[in-house]
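Just the one chain here, the form predicted alone, laid out as structure tokens.
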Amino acid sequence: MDKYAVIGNPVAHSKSPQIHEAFAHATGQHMSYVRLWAPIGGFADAVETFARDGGRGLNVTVPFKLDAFAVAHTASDRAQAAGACNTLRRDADGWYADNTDGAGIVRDLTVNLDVPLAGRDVLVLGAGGAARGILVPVFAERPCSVTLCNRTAEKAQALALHFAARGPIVALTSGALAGRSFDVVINATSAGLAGDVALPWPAGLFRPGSFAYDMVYADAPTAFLRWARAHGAPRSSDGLGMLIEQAAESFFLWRGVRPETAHIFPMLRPAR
């Protein structure tokens, strides 16, 4: 039986085993999928031990996405652009790295939520690894513009320069966002995760018909989604669909079969 796992520290909370077990059952794939804890500083040893034991692929969660990219022999364009990976596939010559986060969020937005990105003005809040991981697939949708806003302006400017060849992109401070509005606003920061704190962005970001998307998922509305609704966002979603769709992309990379995802949503978030 081919072996797969999600690796992280911590990892006990991960929903990935439920998702991939359901994918395997639906597509008739003979495989196992488990959680794999790795010590800080011990990622490379853990994945090589896993490979020796017959491991064929890994989903990678915090804090190891940079470590995963470093152990790979080859990498996809989107992983290279992000400088990090969340998916590893064991090939004959070693580990192949990919980053399926961007594909996951784009499919969730455009297919599940019916939010087109083509020709739209997109605001990405944050300039860290989460933002880096989604920009290549976002640009593949041919948005009218992408604006980055980050607490550290220099970091956003460096990221905009890195992706300048991909499409129209600009970096702005929170203050410079005043008076601007967007069609899609994506939160790629951890702002609000610690509780109800004042979020740093100005009002007026949301156009009529716009969409607010939080890459974080939770059983209750996140602080960002509550803030977005209070400031005029007519539609919104958290990142549960991104989690499911990036998993489907990983499954396809490993098994060559793209699973349906609609039945996973009620499994992970029963109707309340």
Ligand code: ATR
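Values in this document were obtained by computation on a predicted structure and should not be read as measured data. Just count from 1 along the sequence shown to find any residue number.
Just so you know, the form predicted together with this ligand exists too; it's not on screen, but the next bit is about it.
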{"query": "Contact check for A127, S190 and P200 against this ligand in the predicted bound form, heavy atom at 4.5 Å", "finding": "yes"}
{"query": "In the predicted bound form, N150 touching this ligand (heavy atom, 4.5 Å)", "finding": "yes"}
{"query": "Contact label in the predicted bound form: K155 to this ligand, heavy atom within 4.5 Å", "finding": "yes"}
{"query": "Region of this chain that lies against this ligand in the predicted bound form, out of 89-97, 175-183, 129-137, 113-121 [heavy atom, 4.5 Å]", "finding": "129-137"}
